[in-house]
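Only one chain is given next, in structure tokens, and it is the form predicted on its own.
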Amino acid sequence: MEKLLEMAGRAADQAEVFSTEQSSISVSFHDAKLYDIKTNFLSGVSLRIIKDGKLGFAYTRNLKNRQGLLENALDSLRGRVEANYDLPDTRVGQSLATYDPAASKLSSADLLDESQRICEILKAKAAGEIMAGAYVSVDSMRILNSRGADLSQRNSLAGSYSSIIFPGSGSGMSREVRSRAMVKMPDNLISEMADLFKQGQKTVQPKGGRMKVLFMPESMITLLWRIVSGLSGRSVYEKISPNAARLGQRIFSPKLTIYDDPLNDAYPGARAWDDEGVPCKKLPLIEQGVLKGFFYDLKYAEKMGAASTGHGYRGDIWSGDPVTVKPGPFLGHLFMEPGTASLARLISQIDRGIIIEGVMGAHSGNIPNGDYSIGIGPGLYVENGRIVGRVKDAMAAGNIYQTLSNVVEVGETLYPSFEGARVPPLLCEGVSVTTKS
């Protein structure tokens, strides 16, 4: 890597070399029976150069031909992509607990044992199609640039997931746990899933209309995707964010506080610096409903006359391979501050409404503007604080700026969700729901 950086430094004004290696094991069970065991190894090196204010980029799966990689990066300068910013000179980052040696010792047998344990518990609790799995990955990354940065980090991630599928529906109740090393899925989480599944055995056809909706973690992608888009410096620059002129204004309910905290190493995936080498920090985004700031990578910070907030990451919802893509603004450590309400209390406050456990078509609607139109699958219909049964063929639609201005209460428990986010259940009122009847 050092030799490549030296070569690139002579050919361009600035240069950056990014390398990563990742090994992973995963097992999956379908209908409570072993379905698959996978072992993967991924590695690669990418090169970014800046010359005369233009960006060049190339990548390789091995570093056998440094000159060829450099020539590819130089050739890509003909795309005339502007890069009027300086790479950071970061030398050190905050010390974080990102790797647990126990993760490297996990085998497929360990993952099989945990998956099978979950299946056995669920089989005794619910009569549905049971899906389960477990996974572990260990990765390392290194960033060097021509301004003197030389940063490296090792990460581990392990987790398990499970679902109980309603017969003939293809959808069901799902839960997941993630940590730096394998932890057993808590019994109370498994019981929560099984209890909700039992209460959804009866199908009902309620009338549609505006009603209360309880967004559970698996359905929160609908809201989070649009929150992230609306707060991105890229969206502000491209004039597609409705929040560009709303800094300091209330855009959500006072019950909502949202921030991004890469430094919180109580959860897996903590980062001391982003994929451009910019130091990370806790970033307030929404405080009691008030818009506090946007997030930027180096490119869009320069375009907006701002400073990078340390949110330049390689990969997004559409790409999981950091080697093949250039950094862009992204929130990878979003937290929604929990409230004080238990799940039982949230349900008890629904006079008429739906618990949305999963969604179909989360991408539908104008995402930057906050519009959504989703299929509900599964959804549990609630009347007078009690679950009546499962709703089929229902949809919910609206705009997150209206939906999240009408928050009734926020749940007390944080669950893993969309792209590393940690969120509580969220009860909102006045959401438009369409049903078959």
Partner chain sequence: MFEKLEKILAGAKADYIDIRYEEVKETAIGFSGKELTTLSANASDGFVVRVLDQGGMASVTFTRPDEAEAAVRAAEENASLFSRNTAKPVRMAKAEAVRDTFAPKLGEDPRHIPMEEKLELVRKYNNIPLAWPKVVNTSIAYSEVCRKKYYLNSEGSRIQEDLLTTSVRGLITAREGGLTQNIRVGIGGSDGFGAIRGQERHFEEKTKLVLDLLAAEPVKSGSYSCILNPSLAGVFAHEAFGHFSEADIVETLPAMRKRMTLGAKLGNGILNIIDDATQPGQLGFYQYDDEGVEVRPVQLIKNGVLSGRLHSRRTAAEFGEPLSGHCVAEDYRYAPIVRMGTIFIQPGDKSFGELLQSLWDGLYLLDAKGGQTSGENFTFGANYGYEVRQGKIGRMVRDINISGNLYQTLMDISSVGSDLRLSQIGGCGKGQSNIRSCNGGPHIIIDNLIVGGI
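Computed from a predicted structure; not experimentally measured. Residue numbers count along the first chain shown, from 1.
The same protein has a further form, the form predicted together with its partner chain, not shown here; the description that follows concerns it.
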Self-check item: Option from 299 to 307, 117 to 125, 154 to 162, 328 to 336 whose residues, in the predicted complex, bring a heavy atom within 4.5 Å of its partner chain
Solution: 299 to 307
Quiz item: Using heavy atoms and a 4.5 Å limit, would one call residue 436 a contact residue for its partner chain in the predicted complex?
Solution: yes
Practice problem: Examine residue 279 and determine whether its closest non-hydrogen atom to its partner chain in the predicted complex is within 4.5 angstroms. | Solution: no
Exercise. State yes or no: in the predicted complex, is some non-hydrogen atom of residue 387 no more than 4.5 angstroms from a non-hydrogen atom of its partner chain?
Key: no
Practice problem: Report whether the minimum heavy atom distance between residue 247 and its partner chain in the predicted complex is within 4.5 Å. | Solution: no
Quiz item: Which of 228, 131, 185, 285 has a heavy atom within 4.5 Å of its partner chain in the predicted complex?
Solution: 131
Self-check item: in the predicted complex, the residue from 109, 97, 92, 344 that sits within 4.5 Å of its partner chain by heavy atoms
Solution: 109
Quiz item: Does the trio 371, 375 and 397 actually contact its partner chain in the predicted complex, every residue with a heavy atom within 4.5 Å?
Solution: yes
Practice problem: Could you list which residues of 4 to 43 come within 4.5 Å of its partner chain in the predicted complex, counting heavy atoms only? | Solution: 21, 30, 31, 34, 35, 36, 37, 38, 39, 40, 41, 42, 43
